[in-house]
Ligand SMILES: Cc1ncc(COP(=O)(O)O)c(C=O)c1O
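We begin with a single chain expressed as structure tokens, specifically the form predicted alone.
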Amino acid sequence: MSVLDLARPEIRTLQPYSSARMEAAGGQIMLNANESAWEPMGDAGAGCNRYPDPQPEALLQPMASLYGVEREQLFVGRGSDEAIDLLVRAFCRAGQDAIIIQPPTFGMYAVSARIQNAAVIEVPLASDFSLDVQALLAAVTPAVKLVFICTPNNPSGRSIPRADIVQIAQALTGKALLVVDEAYVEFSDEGSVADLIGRYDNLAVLRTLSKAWALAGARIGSLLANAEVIALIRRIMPPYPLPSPCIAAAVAELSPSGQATARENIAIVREQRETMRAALCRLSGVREVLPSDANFLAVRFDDAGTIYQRLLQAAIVVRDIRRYPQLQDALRITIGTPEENARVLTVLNETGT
């Protein structure tokens, strides 16, 4: 059985849109896309008067190398959100198919499914935010086409062991596509499972340059998967998903010097995460600081609402995650610069948490 048998049949046979840039290989005088022949003010040679390559080789090569996959196993789009949306549209028939999520978790899995009118089956994480593998597998029905797992989890910060992911991928073979969201994996000791893609054709991995690579504003995310899955996603991607300035920013960030700087900053975040965790645990009014492998800490307070407002009055914005199950008393605090983190602790001490 091919993993594509899980996809919508009408998508498998869809004639994809052929963009003007796809048909322009080797061209010098570009008169096929109704573009302006003149660069806009302030362009500085960026070529924004021309449509960009839908999947630019200059970006695919360093990203494939970074993630340890082949170019054919990589799709690059506008953040992980676009890959999530395309996966749901490719695999879930409206009103018939379903996805599985494990709340509390990233909200866009459910949003994308509901936009597609696909059902959302929830298998809550355990009280310690670990994944109940057997409960998840027991929830799988013939309607389930996608199973989303977030590791390290957002918003709790806990990672899922590699052995659990292997067990789930094996059990879902021929049944569903397992999508592992690794948006925060650079901050974790667990490491990526992208190396398992060649072993399990029903395994897909989401990665992003928004977090560890400092490109949240550029919106560069990727999907790593079996080449057949990537080819299917490229059938339904927008004609030009990546703006030229964003491509240039990503290429610069993935240069040797850019990677060196990013890894230095990752090390700072990991060190500061432990400093903040220890300091927060000593504060009165803090019930618990959840273990985290990400670039944030989920913190339980005696009065999270009051703490949120006091931080806001001090011009410090944290994430109120009290709407999430099991986190009704918690705030999520991103690890910032050492100076920003020290300011958070100063304000919390001043307010007498």
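Since the model is a prediction, treat every value here as computed from it, not as a measurement. Start at 1 with the first residue shown and count on from there.
Just so you know, the form predicted together with this ligand exists too; it's not on screen, but the next bit is about it.
For the residues 80, 159, 202, 112, the 4.5 Å heavy atom test against this ligand in the predicted complex is passed only by 80. Though this ligand is absent from this view, in the predicted complex it lies within 4.5 Å of a heavy atom of just one residue from 188, 192, 167, 210, which is 210. Residue contact check for residue 106: one or more of its heavy atoms lie within 4.5 Å of this ligand in the predicted complex.
Contact check for residue 125: every heavy atom lies farther than 4.5 Å from this ligand in the predicted complex. Interface membership of residue 219, defined by any non-hydrogen atom within 4.5 Å of this ligand in the predicted complex, is confirmed.
Residue 150 belongs to the set of residues with a heavy atom inside 4.5 Å of this ligand in the predicted complex. Contact with this ligand in the predicted complex, defined as any heavy atom within 4.5 Å, is confined among 202-210, 224-232, 89-97, 249-257 to 202-210. Contacts of stretch 166-201 with this ligand in the predicted complex, defined by any heavy atom lying within 4.5 Å, are made by 181, 183, 184, listed in sequence order.
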